[in-house]
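Just one chain is shown here, as structure tokens, and it is the form predicted alone.
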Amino acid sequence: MRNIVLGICYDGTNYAGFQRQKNLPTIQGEIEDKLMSVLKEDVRIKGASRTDAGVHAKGQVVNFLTGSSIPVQRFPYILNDRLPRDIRVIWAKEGKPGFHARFSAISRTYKYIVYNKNIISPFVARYALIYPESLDLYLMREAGEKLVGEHDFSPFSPEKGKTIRRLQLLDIRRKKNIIIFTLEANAFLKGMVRSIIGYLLQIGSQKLPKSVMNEIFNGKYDFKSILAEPQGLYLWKVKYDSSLFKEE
């Protein structure tokens, strides 16, 4: 069996998330259905991240096993002819037998885009959070520094069990009216990025003090998850060791 790896980008607006769900449109469902129609095999793809409903991806990665002899470079053309226009396969490689899109990843990078203005084009609204209130980047950066490193991030997610994650980067930059949050970690918990962004926005608009991050980790804050809306979130990049791929 060959291990085919695909790079995927998608507009998540019209989907109930990445993971296949019964009677709901999903990214996984669309890709698997198209693969099965082409390969005439029962195909199950594995994704690097299970993005939520409405979340977008510039750099999602999936892999699947197949007995097909179709040249790997043909998969983007074959699938893009059949997939909806809001899902595109942008590259294909052959992975070595042990490659797994989720478990082989070294790190994942997400970006969250905020349009810090109250009157904008309607074409922007599905790709960024519209947040017209004044935001103090200094306060958000100071609060964000508390999160960098290895921590138990369970306060920022409904997930239970193994909740230790290593946040390697939390960068906040402004370009005119656009604020871009970049977060890189070895892995993220469900809802973790949107929860962190939700709190940083509350701190930046001075609705909460920056000290709330310490209080959350110390269990001194009556935590109520604040999830930023999904349309501003993008799975931007997934890193792997290049040795996991076969030479082209």
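Keep in mind that this is a model prediction, so the values were computed, not measured. One-based numbering along the sequence shown.
We do not show the form predicted in complex with a further copy of the same chain, though everything after this point is about it.
- Note that among 124-132, 170-178, 155-163, 104-112, the stretch whose heavy atoms approach a further copy of the same chain to within 4.5 Å in the model of the complex is 124-132.
- Of the residues given (V72, V89, L139, L147), V89 alone sits with a heavy atom within 4.5 Å of a further copy of the same chain in the model of the complex.
- Put simply, L35 is far from a further copy of the same chain in the model of the complex: not one heavy atom of it is within 4.5 Å.
- A residue is said to contact a partner when one of its heavy atoms sits within 4.5 Å of a partner heavy atom; A16 fails this definition for a further copy of the same chain in the model of the complex, lying far away.
- a further copy of the same chain in the model of the complex is approached by A57, whose closest heavy atom lies within 4.5 angstroms of it.
- At a distance threshold of 4.5 angstroms between non-hydrogen atoms, V238 is out of contact with a further copy of the same chain in the model of the complex.
- Although a further copy of the same chain is not shown here, in the model of the complex the stretch 69-84 places heavy atoms of P76, Y77, N80 within 4.5 Å of it, in sequence order.
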